[in-house]
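Consider the single chain below, provided in structure tokens and representing the form predicted alone.
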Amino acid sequence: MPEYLTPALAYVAAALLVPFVPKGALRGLYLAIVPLAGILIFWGLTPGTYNAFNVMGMQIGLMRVDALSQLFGLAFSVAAILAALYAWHLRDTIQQIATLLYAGSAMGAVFAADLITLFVFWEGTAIASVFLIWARRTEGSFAAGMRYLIVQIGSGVILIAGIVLLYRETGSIAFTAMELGSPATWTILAAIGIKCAFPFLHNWMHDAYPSATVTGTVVLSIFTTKLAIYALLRGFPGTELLIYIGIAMALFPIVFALLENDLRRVLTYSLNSQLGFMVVGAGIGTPLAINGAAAHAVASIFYQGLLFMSVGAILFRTGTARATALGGLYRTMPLTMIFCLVGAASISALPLTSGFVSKSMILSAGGYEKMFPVWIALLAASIGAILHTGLRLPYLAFFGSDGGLRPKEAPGGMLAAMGLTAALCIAIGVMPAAFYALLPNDVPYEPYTFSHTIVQLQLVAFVALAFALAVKRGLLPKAERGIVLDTDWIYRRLLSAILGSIGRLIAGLWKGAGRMIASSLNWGAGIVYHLHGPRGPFARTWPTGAMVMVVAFLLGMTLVVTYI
């Protein structure tokens, strides 16, 4: 292949040419072809490192090709094609350029063979993606974009600090498996954890994604967090700490997703929970677990993207994604409803869908390693996913209380993208062997065993029955207007209150100090006036002899001080 030619370069070059391509169908076709060009660059290459060179004694590798990088590269490329199709109606040049740069940066990071290249593209994803939030052009989106940018750039700063420390410790910047135990590796893991939305580091996602444009949210759901999962699989496979972090990630969003009114925020909590499964797989670290985490990341790109597309289509047609304003949309948006149900079935791991064949690998990996508490925790998280996204979200959007809205069906480009994505979700579930052949480890696995299929069907049926009874008896938590705060309460309320109290204290002290200084100055001015004023003692006419005595006294004091 030509030197320095990488998929990232193809995306960047294409982004620079976007303004010169006429808007409309021709530009839409152009945006869909770019990812195909990226696939042609890396697909079919034999494993190895390409475009390697030395800079100041550091070995840089722009393109490391192996099964893991090819899998994520292929998934990102296909997702970019679907996103371009979904945004076919879009005429916003800024969003189109930002999408290409964002996708290209993610591709560059996936194929990076060294940590310096990873860092460059890591920051590229942050800078490019924020424009998908700002493109909404509202005051709220600008503020959310600024918060998002601070967090993402902060992740990059932490990453480069860890790289510097690692280079000092080992003399290498190779992007390979690392073990926790030094400041360098802990720092690098923290940087990845921010992008992966670890607990207490996750609020940027729930803040920024729902603030982006309709198409921007779909694109955001594809790249950033899945890139972080790739980095964990590449850099920290088998790190036990990730198991506990992943369990927390899988479980804590459940309550928030059940209470949230904004359906795009529901999906961000759902995405956060699904990331937990992948992090657990990375932490278990066996070949089957790594395969499961990688497979679930790819499956999630499509079924989570399909759900974001469905809600985005609703937002595009109705102007709102709030559950309290929706309901009854199956009447006028039946195709969007069907595609949403396919995504809901996939995230619920219903047999013959992508979620079933990917999630089962992680559960089985935990079971094979006799991690029963881990298996139970992930099973509980699976129940939560069925409840809050598999059932509640489609019910509130398309059925439930009729909001009286009668919008038109989604545009043709959106329907085509949703249809193809739904077909992929089903194809992966129906033909798992072809999907498993793309995974990094050659580990035989059969998802459609009798016991596993029956158990999953029973689980879905039980949760569906419980949901139906809860709806009938009015026990389902109602979607209500307002903001559901989780750990962002710390900076939205607690930190705001603390800073407000400190500000009021400082203002009070400043005001008191000002009053005291003013009072002291007035007092001093009064004394001066009393002494030197028209009636003061120093304003009187003094006899010559008195003045001679004063001068003599001052002279005597001067002599005493001088000689002492």
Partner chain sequence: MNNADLLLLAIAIPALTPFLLAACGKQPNLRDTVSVLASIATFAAVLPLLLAVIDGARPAISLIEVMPGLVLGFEIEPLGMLFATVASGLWIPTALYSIGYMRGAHEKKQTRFAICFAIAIASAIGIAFSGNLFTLFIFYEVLTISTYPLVAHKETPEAKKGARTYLAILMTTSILFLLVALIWTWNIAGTTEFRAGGILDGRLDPVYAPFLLALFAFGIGKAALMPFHRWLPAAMVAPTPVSALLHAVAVVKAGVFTMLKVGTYIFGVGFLGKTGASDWLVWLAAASILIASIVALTKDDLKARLAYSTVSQLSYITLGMALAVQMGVIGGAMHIVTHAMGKIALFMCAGAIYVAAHKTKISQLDGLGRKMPVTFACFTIAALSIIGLPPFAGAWSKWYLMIAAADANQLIIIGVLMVSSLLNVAYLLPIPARAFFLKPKEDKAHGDAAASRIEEAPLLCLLPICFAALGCIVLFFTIGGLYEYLLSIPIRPESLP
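Positions refer to the first chain, counted from 1. What you see is a predicted model; the values in this text were computed from it and never measured.
Omitted here: the form predicted in complex with the partner chain. The next part is about that form.
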| query | finding |
| --- | --- |
| The partner chain in the predicted bound form reached by all of Ile94, Ile127 and Gly154, non-hydrogen atom within 4.5 Å | yes |
| Option from 228-236, 67-75, 157-165, 421-429 whose residues, in the predicted bound form, bring a heavy atom within 4.5 Å of the partner chain | 157-165 |
| Partner contact for Tyr448 in the predicted bound form: the partner chain, 4.5 angstroms, heavy atom | no |
| Partner proximity in the predicted bound form: Phe131 to the partner chain, non-hydrogen atom cutoff 4.5 Å | yes |
| 4.5 angstroms heavy atom contact with the partner chain in the predicted bound form for Trp186 | no |
| 4.5 angstroms heavy atom contact with the partner chain in the predicted bound form for Ala416 | no |
| Position in contact with the partner chain when the complex is considered in the predicted bound form, options Val120, Ile245, Leu201, Leu438, heavy atoms within 4.5 Å | Val120 |
| The single option of Ile150, Leu241, Ala434, Leu180 touching the partner chain in the predicted bound form, heavy atom within 4.5 Å | Ile150 |
| Within 4.5 Å of the partner chain in the predicted bound form: residues from 319-342 (heavy atom criterion) | none |
